[in-house]
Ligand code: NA7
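Here we start with a single chain on its own, the form predicted on its own, put down as structure tokens.
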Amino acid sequence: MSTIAYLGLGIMGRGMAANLLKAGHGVTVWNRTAERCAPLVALGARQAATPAHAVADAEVVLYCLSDDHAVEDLVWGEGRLIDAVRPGQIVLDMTTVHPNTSRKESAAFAEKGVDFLDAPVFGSKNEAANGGLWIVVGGKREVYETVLPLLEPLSETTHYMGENGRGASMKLVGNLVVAFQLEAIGEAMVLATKAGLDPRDVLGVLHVTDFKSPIFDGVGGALVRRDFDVNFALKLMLKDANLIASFAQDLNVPLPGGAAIRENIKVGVNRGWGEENASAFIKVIEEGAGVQVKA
């Protein structure tokens, strides 16, 4: 059993902290909105009033926040995590951030004698709740191997990607693929609908072909049901699309398809769908074609 501090209890953090508790670890939780701690306290967690109090007795510190700004605020801003950590602790940032943010964190924690891993996750609400995330990790391999027993209750698989920043890089690469899959199922379903095909028949074919995908199954079915309940918010997908664009610009990599998808995401957010599921930007494609996918 390890003593863990979990900071940030959004959709992803709540699920991960709960699974660490179920695995028998001692967990102290902190969240800016303190009321979100209550369900975890009911499961046996301790609640801390500040990040400093949360990490005081922890061997490992984990956090999964909304964006780079939130990480900066926790580590160097109001949260002052950098002042609270002590030599020998291990810190994992599970947020989707720019690799430069991860490298900045790594350097700052190293000065305090603290090991750091960037360990963002693939998956959303259900995977976080069910311990089925896919975790990509950057940092020292020996540190990664040390924390593997903590990652196992959270994940279906874990993947060591190399030095600090490589986990964050892999996360943006993967999210680019996700964006293309959402665009693909959206365009395909709109085209099929306008051609007079039954969307249910289309999904039946997509489910069994060699280009099948769990995203096509899940998003396609939800699209037919007009279900845009949030698992991963469209506003956060726009944040990730902007990160991908910045990352590619840093490396001088052209992403013409990704740029087009980002414009559709922007339109969807500007339509007021930012709090809906990321798949809501498919409604932009529907508007352009003058159709709506129906059961």
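When you see a residue number, it is the position in the sequence shown, counting from 1. All values reported here derive from a predicted model rather than from experimental measurement.
Beyond the structure shown, there is the form predicted together with this ligand, which is absent from this document and is the topic of what follows.
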Could you work out which of 163, 198, 152, 73 is the residue within 4.5 angstroms of this ligand in the model of the complex, going by heavy atoms? 73
Exactly one of 40, 236, 60, 261 comes within 4.5 Å of this ligand in the model of the complex through a heavy atom, and that residue is 236
Is it true that 176, 241 and 244 each have at least one non-hydrogen atom within 4.5 Å of this ligand in the model of the complex? no
Look up in the model of the complex whether residue 36 has a non-hydrogen atom within 4.5 angstroms of this ligand, and give yes or no. yes
Against this ligand in the model of the complex, would residue 228 count as a contact residue? Criterion: heavy atoms within 4.5 Å. no
Any chance residue 31 has a heavy atom within 4.5 Å of this ligand in the model of the complex? yes
When the contact criterion is heavy atoms within 4.5 Å, does residue 274 count as touching this ligand in the model of the complex? no
Tell me the stretch among 250-258, 64-72, 264-272, 42-50 that has any heavy atom within 4.5 angstroms of this ligand in the model of the complex. 64-72
Note that this ligand is not shown here; using its position in the model of the complex, name the residues of 7-29 with a heavy atom within 4.5 Å of it, in sequence order. 8, 9, 10, 11, 12, 13
